[in-house]
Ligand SMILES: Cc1cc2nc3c(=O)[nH]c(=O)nc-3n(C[C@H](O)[C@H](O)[C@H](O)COP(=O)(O)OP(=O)(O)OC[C@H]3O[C@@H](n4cnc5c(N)ncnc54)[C@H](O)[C@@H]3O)c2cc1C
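One chain comes next, on its own, written as structure tokens: the form predicted on its own.
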């Protein structure tokens, strides 16, 4: 089966549902600016007016979508000055910058501490709330089909009491949801696809996982299109029982586990050839937010990568994180948590919403920003300044091309740290430096709705690892029937496929922060057509052998692009051991006057419980 197809053969001109043609390379440029803000040119085709007021149904470029980042880039990259043309005649007790889970939690916590009548304004630069907890929704023959476009897992065994109590107050039964869950990230029927463009051959290998050395027989490795020496080194690696740390001192063991990259370990201690090691480089894409050359042995093996069988009695020190085995999951990911919070803050947005039906509830976005509501959520509003004034704060933001100012008693910045120095010039240089240290890891989630499950069932697979492609994994999304949602795809029913991964940095021969910045630029430079061409190529290569027609069997594509994705967590190979109170995130989150700082960056942890905990802390500082 030839890999390189023309755009016409790939169906690039085919009609797909609510397709948005958006040229992000043009949008990312800062050439079109106005004194009242930076207006983004758009070229879109939107099927119905309903798409304009119900963002989860939008396909095309989502996540950091056009219109959500241009003003921030103008502020931070070009030093553009935004002067308010007017001051709103609105009075608030609290303004929250960012309506992700942390910002919504801050608003909820503020009302608990300051009273239900507190006037609160939430501002978010996106056209939907939830931040990385992004809901992707498709409509098929009148039925809703859900997937997630960002944060998804609730690994509750590792949650603090604070986070557990907060989720319990929302009515979320984590243990009960876990019992309902029948989704395994493609682990029950794994496969690997070697594409012709990368490996010289189009080879599809079923029944083997790079993560699990217990799978037999190992002679399936003979199908891998790498060198014979590479195949033999892989078989020897998976079957070996040698303790490579035998005779080492404790200091030497620590050096191997925490100061050696996983890829170096595979070559130096695992005996893998260069082309065999390369197969593991993308294996943590989407999970960690960085690739395996940047992970220590301990970090990689904690995340289920193989090699602990070479460590003898030290293997228990790198045992996989047990909390990963017990997760709760909503069918739209943690977007359901954001929806529960929005409903708690603005009850008129939906009727009779509980944790048991939230995924299926209908939300009215026109109710988010009503003048007579104590809590208002204003979307498409990019904050460009937050400063202490008199006994309160003033916040300047750009909304619909107009720059305006609004005042409040308090402000919580629930946005990522690296933008805060540009929003708050009054911060000390030490605090600004600490905030800019926390460079977020780019992430990417693309959902593709295909006509039915027939080719997947005929191949008898549930997930595919793609070591040579942009997205590291392709997973069938089903088995998440919780929170009032139920959908079972079949041979005659559409199914969403999730393409999961990250943008690889152009080179790993740089400090990690520079790698992440380079990867972000690569991600922002890609157009929707680039992503569409990629997923069509991959689906042709994998499913084409089972009769999948890439021109007619793709119904919709939603790209969730997150240039500022996972919060930066300190890593063995790149960060010192900070003294208590001296770590960048601890300095970065310090309150300044009536402005406090939330977001998961404030915990240096890319997790939902961190976002919740930091919001609660930030509000407590305001008391």
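Keep in mind the model is a prediction, meaning the values are calculated, not measured. Numbering follows the first chain given and starts at 1.
The following text describes the form predicted in complex with the named molecule, which does not appear among the structures shown.
Enquirer: Using a 4.5 Å heavy atom cut-off, which residue among 266, 300, 121, 445 comes into contact with the named molecule in the predicted bound form?
Expert: Contact residue from the list: 445.
Enquirer: Find the only residue in 283, 125, 147, 294 having a heavy atom within 4.5 Å of the named molecule in the predicted bound form.
Expert: The option sitting close enough to the partner is 125.
Enquirer: Can you say which of 407 to 415, 239 to 247, 522 to 530, 354 to 362 gets within 4.5 Å of the named molecule in the predicted bound form, counting heavy atoms only?
Expert: Looking at the other structure, the answer is 407 to 415.
Enquirer: Consider residue 98 of the chain shown here, and say whether it contacts the named molecule in the predicted bound form, taking contact as heavy atoms within 4.5 Å.
Expert: Because a heavy atom of residue 98 falls inside 4.5 Å of the named molecule in the predicted bound form, the answer is yes.
Enquirer: Answer with yes or no whether residue 606 is in contact with the named molecule in the predicted bound form, where contact means some heavy atom within 4.5 Å.
Expert: Judged by the heavy-atom cut-off of 4.5 Å, residue 606 is in contact with the named molecule in the predicted bound form.
Enquirer: Please determine whether residue 102 contacts the named molecule in the predicted bound form, using a 4.5 Å cut-off between heavy atoms.
Expert: Because a heavy atom of residue 102 falls inside 4.5 Å of the named molecule in the predicted bound form, the answer is yes.
Enquirer: So in the predicted bound form, does any heavy atom of residue 419 sit within 4.5 Å of the named molecule?
Expert: Residue 419 belongs to the contact set for the named molecule.
Enquirer: For the three residues 151, 381 and 600, verify that every one has a non-hydrogen atom within 4.5 Å of the named molecule in the predicted bound form; reply yes or no.
Expert: Every residue of the spot touches the named molecule in the predicted bound form.
Enquirer: Just to make sure I understand: among 554 to 580, which residues lie within 4.5 Å of the named molecule in the predicted bound form, judging by heavy atoms?
Expert: Heavy-atom contacts to the named molecule in the predicted bound form: 562, 565, 566.
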